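Form predicted on its own, single chain, as structure tokens, below.
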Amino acid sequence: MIDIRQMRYFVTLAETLHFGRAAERLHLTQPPLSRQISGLEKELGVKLMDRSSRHATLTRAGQSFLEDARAVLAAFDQACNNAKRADRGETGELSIGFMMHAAHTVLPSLARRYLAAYPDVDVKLREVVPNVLIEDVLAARFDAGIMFSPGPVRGLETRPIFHEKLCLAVHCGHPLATRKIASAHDLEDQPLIVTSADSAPTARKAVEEYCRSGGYAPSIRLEAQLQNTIVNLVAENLGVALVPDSMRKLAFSGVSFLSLKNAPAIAHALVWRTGNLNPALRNLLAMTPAVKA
């Protein structure tokens, strides 16, 4: 069978039309080069070269084979390069699911840096509810997810990449709305609108612990899955809420945001399935080191 080495030898000889110079370029002596060309002609069943003691000329068959051989070699070299780039994570696909808050914190800069470093990777982004996101990552529907830290989950690797403080959202007519800062004591007996424990357990836990730091149990009026829903409920004067500070960026009508004394912080985590071997994911992990609280 014809091998790729024989084709390289032939193309080099066809470009030099001189066995000595071709052998030198190929780091061979002339006899093995001549044997390889003869073997190629035998396999093809056609004469590619007219030989003299020093020079060679292409036959018509050789001229035709040269054009095709160059195309085959170029395609082969490209295939080898593509395989190496794929192994390095420079091509391929990377899918990332993210909670809404990530769009206002870590996701835009991370996506910009990743795409600048790996422009040939097809990056797919999709906003997902946090509790669904865990299932999607475990089921390999996403390579990675960005969400509030879910705590230990079997089969899931977790890395904190950002810490965000909570702030207080109140209706603009609320007595606290004229203040710039509030404390845990100010929230005693205030009706709270909180995230449900199944959708964002770490965020829910942070709210409850902050209330307990003021010496009381939280007075929960309503639960919702999404933080923007929570703030919209605050806008209807149905209660107050401790929400991520990034919610200020959305400029909700009828809502005032106050900083919190000794504000709790929640971690945004990058999560991925244990054993995911996607090289594109490997590069994402390399540019997102863990951060301390």
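Not measured: the values here are computed from a predicted model. Numbers follow the displayed sequence, beginning with 1. Rigid core here is just the name for the largest C-alpha set that superposes within 1.5 Å across the two forms.
One more form of this protein should be noted, the form predicted in complex with the DNA, which is absent from this view; the next part is about it.
- Residue L28 is the only one of L258, A224, A235, L28 with a heavy atom lying within 4.5 Å of the DNA in the model of the complex.
- Contact annotation: of the candidates K249, R35, R70, R60, the single residue with a non-hydrogen atom within 4.5 angstroms of the DNA in the model of the complex is R35.
- Only one of 250 to 258, 35 to 43, 237 to 245, 263 to 271 places residue heavy atoms within 4.5 angstroms of the DNA in the model of the complex, namely 35 to 43.
- Residue contact with the DNA in the model of the complex: Y9 places a heavy atom within 4.5 Å of it.
- Contact between A56 and the DNA in the model of the complex is found at the 4.5 Å heavy atom cutoff.
- Although the partner is absent here, R21 lies within 4.5 Å of the DNA in the model of the complex, judged by heavy atoms.
- Under a 4.5 angstroms non-hydrogen atom cutoff, the DNA in the model of the complex has S52 among its neighbouring residues.
- Relative to the superposed core, A23 shifts its CA atom by 2 Å or more between this form and the one not shown.
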